[in-house]
Each structure stands twice: as structure tokens, then as C-alpha cells.
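So this first bit is one chain, no partners, the form predicted on its own, shown in C-alpha cells.
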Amino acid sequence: MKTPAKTKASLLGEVILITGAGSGIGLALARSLRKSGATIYPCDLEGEDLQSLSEGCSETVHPTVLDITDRLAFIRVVDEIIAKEGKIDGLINAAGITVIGKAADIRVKHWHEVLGVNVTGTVNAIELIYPTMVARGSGKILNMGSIIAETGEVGAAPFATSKGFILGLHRSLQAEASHHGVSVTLALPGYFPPDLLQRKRIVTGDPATVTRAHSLCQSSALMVADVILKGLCRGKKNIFYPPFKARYYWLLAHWFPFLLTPLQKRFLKGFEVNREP
């Protein structure tokens, strides 16, 4: 058996739970983790690709159907993993959804849906797994943030709000966690993965125009996952992708936020053609 690459050696023998592993970056992360020497529990509510993750490595990959907004179901999954493995070394909060449309057209059901997965699901994972890491004095947590937590985004108010929560959680948890030997990493993609921009997720606007406007780059999920995992193994606190462009927007929002207004207004053009909710 081939020895795992040195850049991923820190994951060898570890037990990792990853949410949102049925599609997008979460699926790409799970696929990359199969080669890391870790035992992984990829979780998702649905997704045909979820079950395929165990092909050829059924002893180390255990696909798990889980609604992360259901706390009781999450408790059962965590308890089962710890009973079997004795621990959870790593938690990757990759689950996330969005609804695209002007704030005036987005309804409360859309807000509840996005905040349920992106916020409540993350809270459940942290609340159930982080204390076990503190008790052991070691562990890794990766939270999937977004550049728009700092910049905001016309047409993506619920998603930006949820990622603002993730940013606040990261900044609050990081210092405390490091005191207990637990590393907390924040991934900051500067674009929406294609699976987040499905037509059914676009409430108003022309789908093609909206998709183009909300993608800063066309990188594959596997490329993003590779950068994220390398950063996680190296103990980085923040991982920007694409490295230069995402960091540029991040710094622009922090130091010169007034310059973002004209940039944001260009997104409004994509919502001039309305669609039924």
C-alpha cells in the first residue's frame, strides 16, 4: 500500500467527520481525504455520490445519511462514531446552501432554510464534537466561510448573513480552542461553487446572468479542496481561494469598504428579469 503524501501525514490514522459531503467542495474534500490515511465519516442528507465514496476503501470510509439540522439525529451519529472509533479527531463543517435573489423577493422560508443548514447545522456540530476534543486536548476543526462574510453580496443576503455568523464563530472560538490544543481553521472561498447556483436556488433573475455574476473564478471543487486540505494540515488559520483574488477582496472590504458599493451594484443587473419564487 502506498504511503500517504507527506503534506497529508498529519491526518494519518485520524477519525474525521465531514458534513455536506454529498456535493460540491464537501464531496471534493471527502474524495481527497480518502487518500490521506484517515478514517472518514462523510455525512449528507442526500446525494448519489455520497455512497460511492466508500468504493474501494470501505474499511476507512463510512458514508452516513444525516440531517445536520436535526440535533437528535446528530447526537446518535456522533455517539455511534465515538463508540466505534473512540474519538473524533477532525470536524469539517462543509455543509452549506444558498438562495439567490434580491432581498425584497426573498421570503422568510428561504431565510429559515439557509440559516438552518449553514448556522444551526454548524452549531450542532461544534456543540457535540468540540467538547470531546477539549477533553482529549487535541483536534482539528475546519469551518467553511466565505469572502462575502466581509464584503457582503447583493442577491445573497441570507448566505452572506450565515457566513458572517461563521466568521464570528471562528474569531471567537480560535483563541479558546488553541488554549485546549484544538486548531480551528477558516476556509474563505471567493466564489460560489456550481452546486450552490442551481436554478432551483435562484429566486429571481436570469439564471445564466446571475451565475456568471456570482462566480469570481471557475476553479474546480477538487482544486479548492486540495488547497484547503494542505492549509488544514499546515495549521493555517485562514485559507483564501483563489489565494490572491480572495485575499484582495477581503482586504478591500476591511480597509476601503466604500469602494465595494459600485462593485456590488453591478450584481443588480442580473435580477432585472424576474422569475417566480
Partner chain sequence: MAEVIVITGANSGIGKEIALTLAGPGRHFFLLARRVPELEKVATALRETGAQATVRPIDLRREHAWPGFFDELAAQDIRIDQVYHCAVRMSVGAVHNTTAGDWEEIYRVNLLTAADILATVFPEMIARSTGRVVLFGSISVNSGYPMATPYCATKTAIHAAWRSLLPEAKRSGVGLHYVSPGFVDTPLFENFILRGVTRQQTRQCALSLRVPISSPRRVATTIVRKIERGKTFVVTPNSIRLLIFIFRHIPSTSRRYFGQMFRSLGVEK
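Residue numbers count along the first chain shown, from 1. Because the structure is a prediction, the values reported are computed rather than measured.
One more form of this protein, predicted together with the partner chain, exists but is not displayed; see below.
> Among R171, K84, R76, R136, which has any heavy atom within 4.5 Å of the partner chain in the predicted bound form?
Exactly one residue meets the criterion: R171.
> Mark V15 yes when one of its heavy atoms lies within 4.5 Å of a heavy atom of the partner chain in the predicted bound form, and no otherwise.
Outside the cut-off, so no.
> Taking the shortest heavy atom distance, is E150 within 4.5 Å of the partner chain in the predicted bound form?
Judged by the heavy-atom cut-off of 4.5 Å, E150 is in contact with the partner chain in the predicted bound form.
> Please run the contact check for E127 against the partner chain in the predicted bound form: heavy atoms, 4.5 angstroms, yes or no?
Because a heavy atom of E127 falls inside 4.5 Å of the partner chain in the predicted bound form, the answer is yes.
> Do G155 and the partner chain come within 4.5 Å of each other in the predicted bound form, heavy atoms counted?
Contact with the partner chain, yes.
> With the partner chain left out here, work out from 248 to 256, 28 to 36, 42 to 50, 58 to 66 which stretch has heavy atoms within 4.5 Å of it in the predicted bound form.
Only one stretch passes the 4.5 Å heavy-atom test: 248 to 256.
> From first to last in sequence, which residues of 115 to 141 have any non-hydrogen atom within 4.5 angstroms of the partner chain in the predicted bound form?
In sequence order, L115, G116, V119, T120, V123, I126, E127, Y130, P131, V134 come within 4.5 Å of the partner.
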